[in-house]
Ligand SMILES: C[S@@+](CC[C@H](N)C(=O)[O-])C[C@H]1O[C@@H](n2cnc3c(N)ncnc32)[C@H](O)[C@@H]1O
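Just one chain is shown here, as structure tokens, and it is the form predicted alone.
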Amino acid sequence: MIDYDFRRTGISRSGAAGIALRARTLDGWTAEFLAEHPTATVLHLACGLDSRVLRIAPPPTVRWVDVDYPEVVELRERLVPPPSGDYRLLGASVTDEGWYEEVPADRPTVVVFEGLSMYLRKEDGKRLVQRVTGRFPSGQLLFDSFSSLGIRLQKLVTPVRHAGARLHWAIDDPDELEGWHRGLRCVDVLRAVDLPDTDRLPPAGKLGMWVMARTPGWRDISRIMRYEFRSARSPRHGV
């Protein structure tokens, strides 16, 4: 529907397949959470044109909130059909504070942010984590991250370079985030090289993954993480 030459993004077949595998992992974790909490809230940050809500197709008992810049929301409304059920699209920067008050804090909440953390500065990422874990009673954070090596080598990431974007926040120690909120606990760290079905990547992608998996530093350059949290007011951790 968009008259655009997508080759200009610099995304290769292997890169596109890798993004799909990452998205499927986050979809699976989100679906697992909703299976355990069928009346939960899903907070999908920096949603862009991602069709996650359509792929997962949550039951009507789930409250789903997509958040992105107002101009992105305007484009999304033109291009992506709105799902049925309890769905809302909010136009705001995820680093702003006011929009949180528009999301009721009455349910377990899973917060998904794919392809976002590395574009934030660490102090903004920390505030985001603390606002979410401090506002909602319990839930999970699901997101991907880059290591310091990944941030240093960002000019080698063709789509980032072509977009004129800058990467900032590196997460080398996933346990560090646990100190940002008393009820926050890291429960899963999955390296990109260990994603399921990487054997289905194009040959160049499989070779790249094989090399990265056997190279210290490179094997941890990109990870997908799952954290559980509970309000600091509760004496019990977990969800």
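Just count from 1 along the sequence shown to find any residue number. Treat the numbers as computed from the prediction; the structure is a model and nothing was measured.
The same protein has a further form, the form predicted in complex with this ligand, not shown here; the description that follows concerns it.
The closest non-hydrogen atom of D50 lies within 4.5 Å of this ligand in the predicted bound form. Interface membership of L184, defined by any non-hydrogen atom within 4.5 Å of this ligand in the predicted bound form, is ruled out. For V111, no non-hydrogen atom is located within 4.5 Å of this ligand in the predicted bound form, even though that partner is not displayed. Contact check for V94: a heavy atom falls within 4.5 Å of this ligand in the predicted bound form.
This chain is displayed without this ligand, yet in the predicted bound form the stretch 112 to 120 from 131 to 139, 112 to 120, 145 to 153, 77 to 85 comes within 4.5 Å of it by heavy atoms. Shown without its partner, this chain lists L89, V72, V103, V157 as candidates; in the predicted bound form, only V72 has a non-hydrogen atom within 4.5 angstroms of this ligand. Between the options A40, A46, L43, L201, the residue in contact with this ligand in the predicted bound form by a heavy atom within 4.5 angstroms is A46.
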